[in-house]
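Just one chain is shown here, as structure tokens, and it is the form predicted on its own.
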């Protein structure tokens, strides 16, 4: 019984202590999303999608523009699903399945969604 109580206390303390540390603020998520979106070695989103951000350098035009994202995707989960694997909604999509093929981590996908959702 003592061992179970100790394990429960340790688990509770670890959860309580890691919560704020693990959870990034909204601004940090947007900054990470911006970095991934524009980094040609990670997400490389900028190669196909243009976005109205002053840091955008040589955006592509093969994919849809990142405009009116809240109107186009009122449910942010659908936008995330689209980023994770665009071929679910459109089997002929040329966008690589970012999550399905582990191109980005789940955290990076969430960050990119937060970043583009503000446009």
Ligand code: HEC
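Numbering follows the first chain given and starts at 1. Bear in mind the structure is a predicted one, so any value in this text is a computation, not a measurement.
Keep in mind that the form predicted together with heme C is missing from the display, and what follows is about it.
Heme C is not drawn, but in the predicted complex it has no heavy atom within 4.5 Å of residue 59.
Contact annotation: residue 72 falls within 4.5 Å of heme C in the predicted complex, judged by heavy atom distances.
Heme C is not drawn, but in the predicted complex it has a heavy atom within 4.5 Å of residue 48. Heme C is not drawn, but in the predicted complex it has a heavy atom within 4.5 Å of residue 90.
Contacts to heme C in the predicted complex (heavy atom within 4.5 Å) from stretch 90-116: 90, 93, 94, 95, 96, 98, 104, 112, 116.
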